[in-house]
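Next up: a single chain in structure tokens, the form predicted alone.
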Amino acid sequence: MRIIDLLVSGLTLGAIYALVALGFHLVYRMTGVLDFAQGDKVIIGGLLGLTLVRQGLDTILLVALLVLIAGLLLGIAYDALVILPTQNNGHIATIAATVGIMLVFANGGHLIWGPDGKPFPPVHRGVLEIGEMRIGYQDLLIWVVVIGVAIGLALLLGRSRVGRGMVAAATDPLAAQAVGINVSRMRAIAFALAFGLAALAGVLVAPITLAGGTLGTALTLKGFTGAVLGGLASTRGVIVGAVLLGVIESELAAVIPNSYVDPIVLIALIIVLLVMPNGLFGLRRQRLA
């Protein structure tokens, strides 16, 4: 029974990491840049949701939808104001800019909403009982959203015209421009989706982790670790890697002190990358602009 409870907890933790990891994946596939503001975007999403709740909007699913839309718009602005002005100076300059924005989001959130985490109402407070196994409806919602996002991204990138344009723009920008694909627009869509997913994740996890607080850096680290573990260039890989990380963390935390869990996980990551540099399900990095 204890093992099942830990598995449920680990799957939920891994699903949270997966939403962050997918943001890393989208931006990396599109631009070759690592966006280290992903975790703090999750925190901002939770705080925006909390603001809507405090204004009297008590339908959490509607709150999540509005925060998702806000995240998409913020992602477009993020690309225009942060990424585009730095991209001609190389990837290092762009990555440094994302670290700067991470600090802006973290400190700005503390100034506006305060430094402490705040209670956030769940979509449903009930628990689903299957035999002796108990699964919170909030956990189920997170799992369903991650599965839905994974299927949606697979269809978007593999079946839709926009998705094919994004892949073409990422693979060979010059050739994509030659056939009429707007590379800048494709990149903006990628950043919009990354920010939108992070903001949505903020609303989904806030009932579990509280809204706001100082978890942004930790979420960035765990999401990035999960993405690299599975393969940063693979949609399937980042999801599997993040979920695997969550399950491993949950199981380790039951047998060793929490302070030892992160070092052990990071050591394991290093070992995996020494053997498989592209991650467990990684694709070889293609040339990106």
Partner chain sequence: MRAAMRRHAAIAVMTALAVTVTACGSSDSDTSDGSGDTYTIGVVNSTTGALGAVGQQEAKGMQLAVEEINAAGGVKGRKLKLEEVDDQGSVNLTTAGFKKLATETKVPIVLGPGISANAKAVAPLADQYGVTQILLVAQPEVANGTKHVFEVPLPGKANSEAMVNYAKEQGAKSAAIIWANNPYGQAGNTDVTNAAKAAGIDIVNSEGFDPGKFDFTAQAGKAAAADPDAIFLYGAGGSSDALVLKNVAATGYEGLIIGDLAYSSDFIPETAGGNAADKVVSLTAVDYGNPDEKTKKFLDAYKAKFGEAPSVLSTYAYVSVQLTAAAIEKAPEYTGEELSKAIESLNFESIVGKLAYTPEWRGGPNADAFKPVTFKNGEYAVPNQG
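In this text the structure is predicted, and so the values were computed from the model without any measurement. Positions refer to the first chain, counted from 1.
Keep in mind that the form predicted together with its partner chain is not shown, yet the notes after this line are about it.
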property: 4.5 Å heavy atom contact, residue 138 to its partner chain in the predicted bound form; result: no
property: Residue 95: touches its partner chain in the predicted bound form, heavy atom cutoff 4.5 angstroms; result: yes
property: 4.5 Å heavy atom contact, residue 165 to its partner chain in the predicted bound form; result: no
property: Contact flag, residue 255 vs its partner chain in the predicted bound form, heavy atom cut 4.5 Å; result: yes
property: Option from 75-83, 105-113, 156-164, 181-189 whose residues, in the predicted bound form, bring a heavy atom within 4.5 Å of its partner chain; result: 105-113
property: Among the candidates 44, 26, 228, 239, the residue which, in the predicted bound form, approaches its partner chain to within 4.5 Å (heavy atoms); result: 228
property: Of 151, 144, 130, 218, the one that lies within 4.5 Å of its partner chain in the predicted bound form (heavy atoms); result: 218
property: Residues within 4.5 Å of its partner chain in the predicted bound form, restricted to 259-276 and counted by heavy atom; result: 259, 262, 273
